[in-house]
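First, one chain by itself in structure tokens, the form predicted alone.
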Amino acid sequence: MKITDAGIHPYPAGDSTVARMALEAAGLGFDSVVVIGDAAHRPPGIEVLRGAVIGASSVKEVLKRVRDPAVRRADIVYVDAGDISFNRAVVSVKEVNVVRSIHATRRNAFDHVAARTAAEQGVAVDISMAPIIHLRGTKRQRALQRYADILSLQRRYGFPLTISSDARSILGQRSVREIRGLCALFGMTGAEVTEAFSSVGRIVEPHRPVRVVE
């Protein structure tokens, strides 16, 4: 079972190189990272996967974007969450692996219908640490509530979760232990965090058997 940071943003989106952030992730306890954007340079000692993010206003646009060569080369395809009808539909698109930025949506934008479909299709919902780390006050509380709502749906319907630092520099990266503490703020147990860390591996290798670590 690999422990994966499901989203980092090296230079030019961030200010640190792929190699520097990958080595930092290894030192923080991760076995692999998903680089959003160009991951051509893959340093030894840690697995580096390529992620592509689709930001679209309609499912029709998502269907067009998944045919883009850059997206087709990606190991993991993310789509930014939208309103309730968009989210219900996008989890049925077979090329989509993960719905992200759920904290930025309205409450109930990802409802029981989307949750059931995501579970059936094996589509994950990403829990980004960036809002918890960088936001303050009401905005931070709203993000924590959205994650608590998603966790409640996940426990009922069983769709996968992924966890990403969404870091744009090594200063934004957090250790496995620190992330466990941050996830506890919205009620996620240690076993659930471990399971979420390993979801990227199961997306990349869907036939690998699931093993839960107590």
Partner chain sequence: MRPRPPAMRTKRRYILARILPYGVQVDQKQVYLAVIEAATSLLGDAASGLAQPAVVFCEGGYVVVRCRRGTEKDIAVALATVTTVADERIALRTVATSGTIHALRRRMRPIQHLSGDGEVKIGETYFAVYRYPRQKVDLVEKGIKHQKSLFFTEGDLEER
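Bear in mind the structure is a predicted one, so any value in this text is a computation, not a measurement. Positions refer to the first chain, counted from 1.
Here the subject shifts to the form predicted together with its partner chain, a form of this protein not shown in this document.
K.L.:
Counting only non-hydrogen atoms, which stretch in 57-65, 146-154, 179-187, 30-38 is within 4.5 Å of its partner chain in the predicted complex?
P.N.:
Contact-bearing stretch, as computed: 179-187.
K.L.:
If the cut-off is 4.5 angstroms on heavy atoms, which of these, R73, R107, K94, R136, is the one near its partner chain in the predicted complex?
P.N.:
Selected option: R136.
K.L.:
Answer for R174 alone: is it within 4.5 Å of its partner chain in the predicted complex, judged on heavy atom distances?
P.N.:
Yes, contact at 4.5 Å.
K.L.:
Heavy atoms within 4.5 Å of its partner chain in the predicted complex: does L49 have any?
P.N.:
Taking the distances in the predicted complex, the answer for L49 is no, it never comes within 4.5 Å of its partner chain.
K.L.:
With the partner left out of view, is L161 within 4.5 angstroms of its partner chain in the predicted complex by any non-hydrogen atom?
P.N.:
Flag for L161 set to no.
K.L.:
Is R140 part of the interface with its partner chain in the predicted complex - any heavy atom within 4.5 Å?
P.N.:
R140 belongs to the contact set for its partner chain.
K.L.:
Could you list which residues of 50-65 come within 4.5 Å of its partner chain in the predicted complex, counting heavy atoms only?
P.N.:
Heavy-atom contacts within 4.5 Å come from no residue here.
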